[in-house]
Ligand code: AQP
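To begin, one chain is listed below as structure tokens, in the form predicted on its own.
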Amino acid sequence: MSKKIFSGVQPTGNLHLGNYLGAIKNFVDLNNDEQNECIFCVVDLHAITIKQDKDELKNNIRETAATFIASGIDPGRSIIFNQSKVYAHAEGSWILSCMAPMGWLNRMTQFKEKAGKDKEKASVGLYIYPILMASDILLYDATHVPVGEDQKQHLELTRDIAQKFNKDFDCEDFLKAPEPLIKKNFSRIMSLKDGLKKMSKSDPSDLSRINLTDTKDEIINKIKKAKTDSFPIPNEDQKLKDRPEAENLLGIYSSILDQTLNKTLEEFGGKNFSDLKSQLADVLSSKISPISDEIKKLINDYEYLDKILAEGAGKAEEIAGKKILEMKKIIGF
């Protein structure tokens, strides 16, 4: 069955293995399915919920587009664009903000996590971020959205907003409630230095992550130095409890090969971590090094990247612009 796919990645720069396995690898698989209609967005409006350096942001937008293409997303098959170039996203967000009750937003756990203890100093944009996300998705009549665990709640809110709008304005099925696409055989990617912390570009130690721009030698070195424990690798997943670093490396291996954790445990159960690390380094370097090389080629070709983003924005505007005009008529503008 054909699917209309929408998803986005923030242009934060220095994308890493967690971004690749958690999102971009899945985008490539969806792009390669000829039945799918895919739209992949560089969500730069979302990025400014925290202060950004303008030159760095501009470079990060291009780098994210370069990463999409280098990873295997074909701009001839899928739409690639940056959000701020399609004005319907912000306009739709305002309209939907006027429909969504504050109580729904107050339940969003990600805002509480990101705002921390001093939420009074957090931006209003961070608070209403999920409504902009809803606008992103609903403007394209997306049927499916690839999401990780941290975005499932936001997608549920998107569905609630769509249903409320349709009910409030008596326009059944005008806004389509999308379904989540949850990756199978995927483990949340944690820091190589601390299996209890998510892999992040903000970690001060570069050894904590595999960057998508790392060389083959850098990847091998980081896996070699990744934290483990002193016990052999178990052959059952129940025995990974309280062994976060072991679970993380096994999960990365499983995710990059699209296989179950149990299959990986069958392969490495009873062996030492040196065996796993050697295999993992080989697999990762063979997958990531070509992407790294291609990103480095593309990143300096501003003309090409800007052309891809501009063409994508034109295609996206045709779809989203039509939807926002229909939305305006429905509400009486």
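In this text, all values refer to a predicted model and were calculated from it rather than measured experimentally. Under this definition, the rigid core comprises the largest set of C-alpha atoms superposing within 1.5 Å between the forms. Numbers for residues come from their place in the sequence shown, where the first is 1.
One more form of this protein exists, namely the form predicted together with this ligand; it is left out here, but the text below deals with it.
inquiry  = Would all three of Gly8, Asn19 and Asp150 be in contact with this ligand in the model of the complex, where contact means some heavy atom lies within 4.5 Å?
reply    = Checking in the model of the complex: Gly8, Asn19 and Asp150 are all within 4.5 Å of this ligand.
- Query: Ala88, Ala162, Met199, Ala246: which sits within 4.5 Å of this ligand in the model of the complex by any heavy atom?
  - Reply: Contact residue from the list: Met199.
Discussion item. Can you work out which of Arg188, His144, Lys227, Lys176 has a heavy atom no more than 4.5 Å from this ligand in the model of the complex?
Written reply: That would be Arg188.
Quiz item: Should Tyr129 be counted as a contact of this ligand in the model of the complex, where contact means heavy atoms within 4.5 Å?
Solution: Yes, contact at 4.5 Å.
Quiz item: Taking heavy atoms only, is Lys193 within 4.5 angstroms of this ligand in the model of the complex?
Solution: Lys193 lies outside the contact set for this ligand.
- Query: With the cut-off set at 4.5 Å between non-hydrogen atoms, does Lys114 touch this ligand in the model of the complex?
  - Reply: Judged by the heavy-atom cut-off of 4.5 Å, Lys114 is in contact with this ligand in the model of the complex.
Inset, instruction - Using a 4.5 Å heavy atom cut-off, state whether Ile324 contacts this ligand in the model of the complex. - result: Contact with this ligand, no.
(request) Spot the stretch among 180 to 188, 71 to 79, 96 to 104, 210 to 218 with residues whose non-hydrogen atoms come within 4.5 Å of this ligand in the model of the complex. (result) Partner-contacting stretch among the options: 180 to 188.
Next on the checklist: Tell me whether Ser71 is among the residues that move between the shown form and the other one (Cα shift of 2 angstroms or more, core superposed).
Outcome noted: Shift at Ser71: below 2 Å after core fit.
After superposing the rigid core, is the C-alpha displacement of Lys197 2 Å or more between the shown form and the other one? The answer is yes; the displacement is at least 2 Å.
Inset, instruction - Return yes or no for Ser254: a CA shift of at least 2 Å between the shown form and the other one, with the rigid core superposed? - result: After core superposition, the displacement of the Ser254 C-alpha between the shown form and the other one stays below 2 Å, so no.
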